[in-house]
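Shown next are two forms of a single protein chain, provided one at a time as structure tokens under the names structure 1 and structure 2.
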Structure 1
């Protein structure tokens, strides 16, 4: 099968992007590396969100719960791992990071399994409210647990450097992207889309609806869990209200909607768009920034519900149709 021009272009862009991401810390200041981490974190979150909600149409409004759980585990286990487990100290700050990341991944997956099974039984707006409720519920439980232990936030000293975190996040963002990409192209993904378009019809066709939904839910939870675990190491400080902030879930959704939620490439646009916007406005005019986000969100939902990527796809299709219509042999 010959590779089309589109695929070659896509491949080249991908290579260029990866090169840019790898080279970034060597080209720019510490501050911009931090910005890079910010962008990569959101790419990882949003791509994961898309795997569940973009594909199945079950909008999860509580996805922050996985990131928060990961962060909590990282903070709680920080001093727990015994130092004797061969500290591979040099680059990534020790085994305890890897161990906590693995625990975070497993815990997020388990939470998704536990929560997903009952939650996925309800549809549409009920699911949205329910996931939001679950996330807030967990948040306040953690708040109360910490308060009960008289801890108002936890400190983690001796974490990895910004550059090290950057490369870890880049790897996770890449994994998330690939996950969304391959799910989108797989039979599993086709099944998920079928569920989104008409769940009952999909079930009639023989698609194992419950199993697919649950799988998507679990898959979408793991990476946010790990990313959340690492993210608390950025500032070295864990605080439950920050880590479980529902605005994080909302931002994931905004980025996916604005960039395009049906395809792995969409969130990239959404993340960059919002990240640049926030970088320009948030520090100086936080209220205006929020108001602008509200306006932009409404405009996108009404004007471009398939997001930036959806628009790009649409216009390229239109061009292809026009080109085909102009060809002499076609019927018109």
Structure 2
């Protein structure tokens, strides 16, 4: 009965949250719609990162490479695709947007497949360093390609409206959340967690460790590639050093840690908390807000290593245990 009540409550919260996301552009100002895009982008990034790093324990510091690759492909192909508007294109974008999104998804998946096998052969800090190196390597390839073409950036005119971009990002954030949610509750997700706890023991038990890790790496790369392709349209300008900025990977990790990186629901709390906090601190303390964010992150690591969601789960379990202990005849 208790489980059923929890499921009903969770379903109602999910419906209310989806309704809020849909209604947001119609209820708020243009500035808050832009802030909504920012939050949805980080939800999609962080949920995707969780599929690999949160579940396997392989902390990727190079996930920005997929977002940057997607942004570069969108910029490079922006004037190549036809300008005709697809059905319902006024709402969801033209042919060139959808075509570039598909290319970005395929390219990001292929890059993850290409670099995943050698990268996933190392563990711990070596994996962190290697993924960071791959991201920097790809970044400077793009920078040199652009320099060879005498380009320092690309202006991208004729992008979708803010509202259209918002709904596209909302769809990607939902896909990323559902991916992390269902992977976490599948046999595949159980195998990934077993790898995190003890990779050698998992392999001994018959779990195809290499295949599982590589599959998680590819799955976690596709959505950031598409999100990066769309997000570059937000500013209407592509600059390689900006879209390949290592701070993007660092922010994913911070949001996942603050929210609780083992469950799809955790990053939602981490993203909203850090996004709202950053906005408030930036407005009030523009010169030192990053220092304050660092102090908050250190406090989370030391005081709440399970994140916000982990604390909620622990509190819920304690209340349930206390309620069960108070029932007549329970102590025997």
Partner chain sequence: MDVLLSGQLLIAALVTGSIYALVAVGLNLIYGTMRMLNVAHGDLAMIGAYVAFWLFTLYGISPFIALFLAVVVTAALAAVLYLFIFKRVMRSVKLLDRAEANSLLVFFGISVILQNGSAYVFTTNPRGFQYLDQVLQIGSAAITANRLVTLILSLLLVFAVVAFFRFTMVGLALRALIQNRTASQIVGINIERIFLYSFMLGFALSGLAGALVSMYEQIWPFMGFPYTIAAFVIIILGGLGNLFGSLAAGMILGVLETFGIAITGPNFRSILIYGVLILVLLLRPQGLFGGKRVVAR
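Residue numbers count along the first chain shown, from 1. Basically, rigid core = biggest C-alpha set you can superpose within 1.5 Å across the two forms. What you are looking at is a predicted structure, and each value in this text was computed from that prediction instead of being measured.
Engineer: So which is it, 1 or 2, that shows the form predicted alone?
Structural biologist: It is the second structure that is the form predicted alone.
Engineer: After a rigid core superposition, would you say the CA of residue 34 moves by 2 angstroms or more between structures 1 and 2, or not?
Structural biologist: No.
Engineer: Rigid core superposed, residue 284 Cα shift between structures 1 and 2 in Å?
Structural biologist: So the C-alpha of this residue moves 5.1 Å.
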